[in-house]
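Quick heads-up: it's one chain on its own, the form predicted on its own, in structure tokens.
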Amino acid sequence: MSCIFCEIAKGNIPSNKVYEDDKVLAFYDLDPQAPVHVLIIPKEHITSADDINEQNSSIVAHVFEAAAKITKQLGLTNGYRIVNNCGEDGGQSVKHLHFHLLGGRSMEWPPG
């Protein structure tokens, strides 16, 4: 079974990259839910937040380090939201750990 985010991380599927280093890739979401909507993915395949463990948990810290760089790069000085959907009921549509970085507008709670 092929993973679309693994293929994007390998460069086999094009994306509109915002940030990349040896551990993560960030690119614009094709169906943006805010003026700025970036997906941040680990290059290593981790299916979901349920699969984070002692061997791979450092990647989550690195995702948030990358997010701080990305928000500065994109000028999100007034705030932003980072979301992770986990599992079917959580709304996870791609079975590869990823984080939605949303900004450029005021965010509501609950999300809407």
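Numbers follow the displayed sequence, beginning with 1. All figures in this text were calculated on a predicted structure; none of them were measured in a lab.
The following text describes the form predicted together with ligand AMP, which does not appear among the structures shown.
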message = Counting any non-hydrogen atom inside 4.5 Å, which residue from Val36, Leu39, Ala67, Ile46 sits next to ligand AMP in the predicted bound form?
response = Leu39
ask   = Even though ligand AMP is not shown here, does Ala61 get within 4.5 Å of it in the predicted bound form, heavy atoms only?
value = no
query = Using 4.5 Å between non-hydrogen atoms, is Gly91 touching ligand AMP in the predicted bound form?
reply = yes
request  = Tell me, yes or no, whether Lys23 is in contact with ligand AMP in the predicted bound form, where a contact means a heavy atom of each within 4.5 Å.
outcome  = no
message = Against ligand AMP in the predicted bound form, would Phe27 count as a contact residue? Criterion: heavy atoms within 4.5 Å.
response = yes
